[in-house]
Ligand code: PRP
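Shown next as structure tokens: one chain only, the form predicted alone.
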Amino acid sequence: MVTTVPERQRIAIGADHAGLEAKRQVGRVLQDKGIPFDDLGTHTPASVDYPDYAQVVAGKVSRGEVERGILICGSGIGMSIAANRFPRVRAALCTTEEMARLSRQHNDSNVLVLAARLTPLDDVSRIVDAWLVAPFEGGRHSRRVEKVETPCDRRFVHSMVTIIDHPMIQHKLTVIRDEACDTKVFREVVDEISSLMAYEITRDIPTDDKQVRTPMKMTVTGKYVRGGRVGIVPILRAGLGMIHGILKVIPMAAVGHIGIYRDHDTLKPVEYYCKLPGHCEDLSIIVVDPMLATGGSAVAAIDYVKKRGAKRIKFNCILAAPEGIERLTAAHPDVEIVAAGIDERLNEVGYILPGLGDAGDRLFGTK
């Protein structure tokens, strides 16, 4: 049996308490082959939660920080389910060498999942060896892998993420993606997209019953949205470009402002201003920013809003990156994200790809 690994790919490994011994065996296999790896835990037999380790390993693979990952739990099922929630992760539970080979040859798996309670340690070594060696065959399998990947990358299936894919919103998104779109048109179209999205965002807005008398001299009871129900909080400065469009739909909304900028060196958010509506605990708050990139500013803004007592919060953006969604949903799992589209990834300086550039610069003509 050929045991030469064709490429020296860095691998991240992780396990819960049930997979601890198997993980150590995997580490020995990788060390013997001279393959660099990151052991992300667990490191003790104390009981832990498998999703925590699936998240750190699959997250690294998803972001391209490592080439592949190996995850281990008792049955392998939990790790598989958790890992496959991440974009660009193809996690395969393998209990035989043949399954490991086929997962690479036909499915281009980049995360191997092992079942510690069902697989002897000697078999663990053979399965890992087969998975490391087998190449992806491409051809017809490339087409099939593409079909598996596309829905997750474009829609990022998550219970707290809503993608508004109405044809007119997608048309307008195409207009502002164009680098030839000037500041005037960019500003107008962002305003239009914001208005169209506001209808979906406010679908569950609280209403009161109100009686009115029609021109036909009849009294009817209808739905009415009174003031003091909604607060809009743009993240400065780019979020300002969405405000007027939203207010066209809900003009009775209160408006606050949060000033946060992203440090270009650390990519971390820095607060410089915060003025929120009073009685946030009584409002449905919509935090708005055209781009959800790293997620740092969004997480910080929602932190501030929650500290002021807000309980019902949504985050509205035009474009999001999988990394930003992952970070925001991890920090605030109770906050719904509403977007017009989800792009492929971030580049090395934290901009969304393919994206539409720096929304603030394009809105205010400062580039």
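Numbers for residues come from their place in the sequence shown, where the first is 1. Everything numeric in this text was worked out from a predicted model, so none of it was measured.
What comes next is about the form predicted together with the ligand, which does not appear here.
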Partner contact for Asp358 in the predicted bound form: the ligand, 4.5 angstroms, heavy atom: yes
Thr119: touches the ligand in the predicted bound form, heavy atom cutoff 4.5 angstroms: no
Any non-hydrogen atom of Leu236 within 4.5 angstroms of the ligand in the predicted bound form: yes
Give a yes/no on whether Tyr261 approaches the ligand to within 4.5 Å in the predicted bound form, heavy atoms considered. yes
With the partner omitted here, the residue among Gly295, Gly256, Gly245, Pro87 that in the predicted bound form has a heavy atom within 4.5 Å of the ligand is Gly295
Spot the stretch among 60-68, 24-32, 331-339, 296-304 with residues whose non-hydrogen atoms come within 4.5 Å of the ligand in the predicted bound form. 296-304
